[in-house]
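One chain comes next, on its own, written out as structure tokens in the form predicted alone.
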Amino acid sequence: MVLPLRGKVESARAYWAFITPAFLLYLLVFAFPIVLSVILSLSNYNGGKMFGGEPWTIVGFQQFQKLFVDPNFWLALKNNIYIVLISVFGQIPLGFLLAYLIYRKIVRWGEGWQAILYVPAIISVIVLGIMWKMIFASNGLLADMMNSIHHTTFLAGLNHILQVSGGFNITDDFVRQLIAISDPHAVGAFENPVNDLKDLIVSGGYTAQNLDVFRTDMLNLLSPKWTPEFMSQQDVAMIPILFVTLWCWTGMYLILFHANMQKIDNQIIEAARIDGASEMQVLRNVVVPNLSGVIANAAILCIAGSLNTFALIWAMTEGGPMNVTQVLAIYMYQKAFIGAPDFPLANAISLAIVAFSFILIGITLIIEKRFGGRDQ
């Protein structure tokens, strides 16, 4: 009996000898910051005596009370919910559908499409944010494209007016038609648009011989100007960010789903097709049930990534005008490192992020357990 007992003791010693360094490292890197964050969120810490502050004490849930009455917190939470929704119900279904099209060889050059769609996921988020910021800028690519359309439409309307008027007759009716196709903001610069614009055209000395000059001047003066500045409004400011979020990481889930689809036994799918199952029935009754666990894991990754969104939004907007594009991570950063730091409130925000993520992940696991199938 002594030898077996001695063997168990030595096995236990060996086990703890191997596990203790990793466990201590875990406590130092993960557990200690979490405990410290909880303590700070319940305190009134403002630097302590070391940094010239007052001694700090535990004050309870005052920071959370302050947090929940701050409208910026609810705005940041709402923006985070938008990102979670576009990620879970945008990236995952789109990535799954694209993966299925490639897996079933419904589209040609599947490997090429995988490479193209995955490229955004491997490029630095800061680079992507700056690139899209330039595209959505008031003088960026999107504005140039929209203004080109507006210019073409305006010139077509101007040429029609010139033809109808029989050439180049500066009449009140001609000016009224010109105003009708013009940018309201440009026409609004005139106190009396019909008379003032007519006088301006006449004083310019335009004639039928220099119509090209007239067209150019009217284009510069009266053509509708498109600018993305409206995207700074609270109701639509998140649209560019949601679009870029969908574009950026859909390819990652495409790769994830396609890799797991290849684990499905092709004989099952072929048998279903022989029995008369349509492509949609194969997708719904064979592929989706076999990948339910993968879909749940992808949803958890989406939720974690959505609540951790910082670099992309910061690079695109730097918080946005009046913080309309602010999310919880940026809100926490501003409280902790911009202006007078409020570390207790920042830690309360971080715990709110953790709690929100646990709630969403718990809902995901419940749904997967209730409606999920089986994994291969």
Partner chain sequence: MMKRFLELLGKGAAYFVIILFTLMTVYPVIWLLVNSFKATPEYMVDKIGLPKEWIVANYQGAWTLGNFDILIGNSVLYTIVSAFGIIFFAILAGFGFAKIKNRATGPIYGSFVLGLLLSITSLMVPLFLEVSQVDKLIGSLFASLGWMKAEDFHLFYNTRIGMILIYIGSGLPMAVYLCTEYIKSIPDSLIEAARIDGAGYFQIFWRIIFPMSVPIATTVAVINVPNIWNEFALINIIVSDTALKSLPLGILRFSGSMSTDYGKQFAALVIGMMPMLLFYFAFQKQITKGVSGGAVKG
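For the two forms, the rigid core is made up of the largest set of C-alpha atoms that agree within 1.5 Å on superposition. Numbering follows the first chain given and starts at 1. Note that the coordinates shown come from a computational prediction; the quantities given were computed from them, not determined experimentally.
Just so it is clear, the following notes concern the form predicted in complex with the partner chain, a form of the same protein that is not shown.
- Message: I need to confirm a contact call. Of Trp74, Phe89, Trp113, Phe168, which residue comes within 4.5 Å of the partner chain in the predicted bound form, counting heavy atoms only?
- Response: Of the candidates Trp74, Phe89, Trp113, Phe168, Trp113 is the one lying within 4.5 Å of the partner chain in the predicted bound form.
- Query: Within 4.5 Å of the partner chain in the predicted bound form, heavy atoms considered, which of His150, Arg176, Lys133, Arg284?
  - Reply: Going through each option in turn, the one that passes is Lys133.
- Using a 4.5 Å heavy atom cut-off, which stretch among 168-176, 264-272, 155-163, 103-111 contacts the partner chain in the predicted bound form? So the stretch in question is 103-111.
- Message: So, Ile366 and the partner chain: in the predicted bound form, are they within 4.5 Å at any heavy atom pair?
- Response: Contact with the partner chain, no.
- Is Ile359 close enough to touch the partner chain in the predicted bound form, meaning at least one heavy atom pair within 4.5 Å? No.
- Message: I'd like to know if Asn139 sits close to the partner chain in the predicted bound form, meaning any non-hydrogen atom pair within 4.5 angstroms.
- Response: Although the partner chain is absent here, Asn139 would touch it in the predicted bound form, with heavy atoms inside 4.5 Å.
- Query: Using heavy atoms and a 4.5 Å limit, would one call Pro289 a contact residue for the partner chain in the predicted bound form?
  - Reply: So Pro289 does not count as contacting the partner chain.
- Message: Please determine whether each residue of Glu10, Leu256 and Ala304 possesses a non-hydrogen atom within 4.5 angstroms of the partner chain in the predicted bound form.
- Response: Yes, the whole candidate spot contacts the partner chain.
- Message: At 4.5 Å, heavy atom to heavy atom, what parts of 330-368 sit next to the partner chain in the predicted bound form? List them in sequence order, or say none.
- Response: If the 4.5 Å heavy-atom criterion is applied to the partner chain in the predicted bound form, 330-368 yields Met332, Tyr333, Ala336, Phe337, Phe343, Ala346, Asn347, Ser350, Ile353, Val354, Phe358, Ile361.
- Task: Using a rigid core alignment, state whether the CA of Phe337 is displaced by 2 Å or more between the shown form and the other one.
- Result: Not so; Phe337 is displaced by less than 2 Å.
- Tell me, please, whether between the shown form and the other one the C-alpha of Phe310 is shifted by 2 Å or more, with the rigid core used for superposition. No.
- State yes or no: after fitting on the rigid core, is the Cα displacement of Val69 between the shown form and the other one at least 2 Å? Stays below the 2 Å threshold, so no.
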